[in-house]
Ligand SMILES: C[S@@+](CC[C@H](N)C(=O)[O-])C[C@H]1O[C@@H](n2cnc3c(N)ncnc32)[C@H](O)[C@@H]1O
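There is one chain below, alone, in structure tokens, taken in the form predicted alone.
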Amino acid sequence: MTPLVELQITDIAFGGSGVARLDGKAVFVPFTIDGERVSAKVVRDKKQCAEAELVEVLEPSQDRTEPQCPYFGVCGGCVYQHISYEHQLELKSRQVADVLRRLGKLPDLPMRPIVRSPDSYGYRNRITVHAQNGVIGFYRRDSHTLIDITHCPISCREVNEKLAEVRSRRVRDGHYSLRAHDGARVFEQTNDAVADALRELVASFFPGRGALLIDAFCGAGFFTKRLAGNFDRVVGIEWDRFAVDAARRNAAANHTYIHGNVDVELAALLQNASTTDVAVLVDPPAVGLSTATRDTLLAFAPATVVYVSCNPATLARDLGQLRNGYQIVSVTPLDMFPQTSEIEVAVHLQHNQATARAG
């Protein structure tokens, strides 16, 4: 039988687990809060670290709160429902700064305050549930076993109504995407209010009128539609043909959408650009930018780069290389996913030559 250990939680790691030290080794304990003293059971002892399960909170944090979801701790989705929302925001902002400093070797970061979500529950505009042998719900934490879900507290009313509708029918085994909004089945941000704030934040990086904006990973035109009036010409690049078709519908006259590979199309556009007044917006998937795209940005040196990231670790890697030609003007975390460990970040970069000219 594994003995219990008493641990002092000193930090929260990216991903949500509390961090303690035992015999000089880091121990990760889910569902704890920095400052707490807990009793835990070590379940995995590795060479560099250990993982433990919480048994009892001996000295709780003042930021500990009651989760609103009956499935919390069992469902694999949320990891922060036991933490007050204000402290969640503090943790996420700190985690972004720590990851960028540690992995990107970026010591002096112009961090802006985190953009909070107006709603910390009831914000999700879509979920994917799974059906198997009559069970409809989400996967258990660290498992491929389903738990039956009747209501998801972080999802909005429309999504929960669609969940109830699916549960009322005999559905085949499989995966079911439930969305609050009808329309094209293309990628969209999960939190409408924070998505709007993100779009306005990005627009604020372009206060004047520019000549050309290239929106790599443009999707269905989430940013380009908003920025139509900020540039003489906007070009979007996207690999998803359905998203490109959606973007082309009701596109402004100064918009062009290209179905293709960002690595290839971005280099071609920058090489053929007839102006030095070029801005590039990148919003890549979690894997971040490819080496080719990073090299292209450094080689062709567009004056402004805006990087929107859903993964601070790959963002740190990419910024670590881009700093060879760019100055970081601002780093803004956004809490697109309250109660979870996910973080969105928007970074405004200015090329060193453009910065010198402006000075």
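In this text, residue numbers run from 1 along the sequence as written. Computed from a prediction, not measured in an experiment: that's the story for all the values here.
If you look for the form predicted together with the ligand, you will not find it shown, but the lines that follow are about it.
Peer 1: Can you pick out, from N261, T150, S177, T256, the residue that has a heavy atom within 4.5 Å of the ligand in the predicted complex?
Peer 2: After the contact test, the surviving option is N261.
Peer 1: Looking at F205, F72, F223, Y121, which has any heavy atom no more than 4.5 Å from the ligand in the predicted complex?
Peer 2: Of the candidates F205, F72, F223, Y121, F223 is the one lying within 4.5 Å of the ligand in the predicted complex.
Peer 1: Partner absent here, but in the predicted complex, which of 100-108, 232-240, 155-163, 132-140 has residues with a heavy atom within 4.5 Å of the ligand?
Peer 2: It is the stretch 232-240.
Peer 1: Flag Q189 as yes or no: does it have a non-hydrogen atom within 4.5 angstroms of any non-hydrogen atom of the ligand in the predicted complex?
Peer 2: Yes, Q189 is a contact residue.
Peer 1: With the cut-off set at 4.5 Å between non-hydrogen atoms, does L213 touch the ligand in the predicted complex?
Peer 2: L213 lies outside the contact set for the ligand.
Peer 1: Is there a heavy atom of G77 lying 4.5 Å or less from a heavy atom of the ligand in the predicted complex?
Peer 2: No - in the predicted complex, heavy atoms of G77 and the ligand never come within 4.5 Å of each other.
Peer 1: Looking at the ligand in the predicted complex, which residues in 194-224 have at least one heavy atom within 4.5 Å of it?
Peer 2: Sequence-ordered list: F217, C218, G219, F222, F223.
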